[in-house]
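Consider the single chain below, provided in structure tokens and representing the form predicted on its own.
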């Protein structure tokens, strides 16, 4: 398939149900290049739960309007056959893809990398913009680009939050008001981690706060080295708190960069 685009291109891949977080990504892309492509494709390969795939919110008309008013010059809604005309070459996320999100969502990151590689092949962007909310995904996409020597620069964009601190997500629309209030405590847990006087204390504070969040079924709450995704130690220069869990069947993930008090001395 040959997309007729004015190159160079800045690219924002999405699964639709766009919100202010996506708007920020598109605006960043627009600052990079005049031609901004936004794709809307719900990728079945990254859903380990068929019901989650079926229930994923879809709103093509409003998504297209938001994308265009945010600066998109081309909104692309490909079919499954366009993305996967044959059996797709599965891109492995390796060992890091089996950690954290990968433990609880088997094969998820293989599916993510496979579709991102296909999208890059078809769009051939100079830049691609991804949000930091899905930090493990961002890490693995950067690793794939480096490993396969792909001619695209990955741009990291900060997480956009509700006034409560809750990271914006298309899935938030499936939560009630009380569930949203509980979900916002995830941000408080991350904030608690940043107040730790050491990495071990930060990890303890994060876990204590996370375990007290009403209705949250916690999968993990950890402090990692954001450059390697190893568990952070007291000597880690760039630690990051990460957390994930479920409220009423809705998966919630978030993260926050930290300063290591020891390395800052």
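Positions refer to the first chain, counted from 1. Everything numeric here is computed off the predicted structure, so don't read it as measured data.
The form predicted in complex with ligand PAF is left out here; the points below concern that form.
Contact here is defined as any heavy atom lying within 4.5 Å of ligand PAF in the predicted bound form, and by that definition not a single one of 160, 164 and 187 is a contact residue. Heavy atoms within 4.5 Å of ligand PAF in the predicted bound form are found in one stretch of 61-69, 195-203, 41-49, 217-225, which is 41-49.
Of the candidates 93, 183, 128, 116, 116 is the one whose heavy atoms come within 4.5 Å of ligand PAF in the predicted bound form; the others do not. This chain is displayed alone, yet in the predicted bound form one of 250, 253, 15, 256 has a heavy atom within 4.5 Å of ligand PAF; that residue is 15. With a 4.5 Å cutoff on heavy atoms, residue 73 does not count as touching ligand PAF in the predicted bound form; it lies far away. By the criterion of a heavy atom within 4.5 Å, residue 143 is excluded from the residues contacting ligand PAF in the predicted bound form. In the predicted bound form, ligand PAF sits beyond 4.5 Å of every heavy atom of residue 124.
Using a 4.5 angstroms threshold between heavy atoms, residue 132 stays clear of ligand PAF in the predicted bound form.
In the predicted bound form, just one residue of 137-165 lies within 4.5 Å of ligand PAF by at least one heavy atom: 137.
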